[in-house]
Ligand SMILES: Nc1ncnc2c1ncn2[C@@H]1O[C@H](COP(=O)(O)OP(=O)(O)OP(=O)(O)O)[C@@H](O)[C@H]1O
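The data below hold one chain only, encoded as structure tokens and taken in the form predicted on its own.
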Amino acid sequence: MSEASKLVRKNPPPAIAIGSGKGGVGKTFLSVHLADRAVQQGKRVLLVDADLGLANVDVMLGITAPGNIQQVVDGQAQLSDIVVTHRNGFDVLPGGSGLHELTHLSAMQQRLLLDEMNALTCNYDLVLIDTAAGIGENVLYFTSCAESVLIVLTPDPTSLTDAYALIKVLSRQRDVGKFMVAINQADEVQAQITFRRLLSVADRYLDVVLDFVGFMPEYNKVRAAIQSQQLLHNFSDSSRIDSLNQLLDSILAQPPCVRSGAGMQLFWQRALGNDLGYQSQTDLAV
């Protein structure tokens, strides 16, 4: 863990969950650059890889995870032992395989892990949660318990449809009423058209607020950065970096959405299956 992260806060930090209805829209790319940008602004940042089946934050960043949360549950490590510090100064809590078992822990295991997670997150100014794509139960748990939710999509009609589906499920099943929306792989005109289409359908059928926070143009250097497991600024000209930074700054400038049932303590409780206030996804109609 970075030296700055060893300074303990008294209160849990705000959390932003980054989600997408469809995979391949740049959600994880945006998550890692959001963490980097927040560090540049002087924040102590923890990036949580909440894709419990296909975790890839560590792969995208080119870092080696020393373990995963399952090892903490098994008593083989402490949570702080598996946190990895990226060379740019933000910390990563890696995901991994087998973590679906976290919803079947004993009460003692749940209490131990919950205490460790609460202590760990209090070391930071901001927690970013990179969720899996889609509307799976783990996605709903992790996304609905953060103060703020960012939805990432592209102008692709399937991405638009799936983003709406995610917003719909979170709104109706998890009482999330406000979403930030970022459009990737689009110029300003394409982004505005895509957002208006999403907004039109949401206004008609859902009781939600959608805030357009910006866009990122399509750029071939993004693929080069990902393949090299580095951040974009190592491959990009200043105009493209400015465009990305404007989007990231817009996201970080949004005030947390204060709502009942959100916050890091409830976030971890629900992620561990301790919350009794929600029915399972199969018991509720979309």
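Bear in mind that the values here come from a model prediction, so they are computed numbers and not experimental data. Residues carry their position along the shown sequence, with the first being 1.
From this point on, the text means the form predicted together with the named molecule, which you will not see here.
Proximity to the named molecule in the model of the complex, defined as a heavy atom within 4.5 Å, singles out one entry of 159, 185, 171, 121, which is 185. Checked against the named molecule in the model of the complex, the candidates 133, 117, 213, 72 yield a single residue with a heavy atom inside 4.5 Å, and that residue is 133. Taken together, 24, 217 and 222 are fully in contact with the named molecule in the model of the complex: each brings a heavy atom within 4.5 Å. The closest heavy atom approach of residue 226 to the named molecule in the model of the complex falls within 4.5 Å.
A residue is said to contact a partner when one of its heavy atoms sits within 4.5 Å of a partner heavy atom; residue 60 meets this definition for the named molecule in the model of the complex. Proximity of residue 56 to the named molecule in the model of the complex falls within the 4.5 Å heavy atom cutoff. Among residues of the shown chain, residue 235 is not one whose heavy atoms approach the named molecule to within 4.5 Å in the model of the complex. None of 177 to 185, 195 to 203, 162 to 170, 86 to 94 except one has non-hydrogen atoms within 4.5 angstroms of the named molecule in the model of the complex; the exception is 177 to 185.
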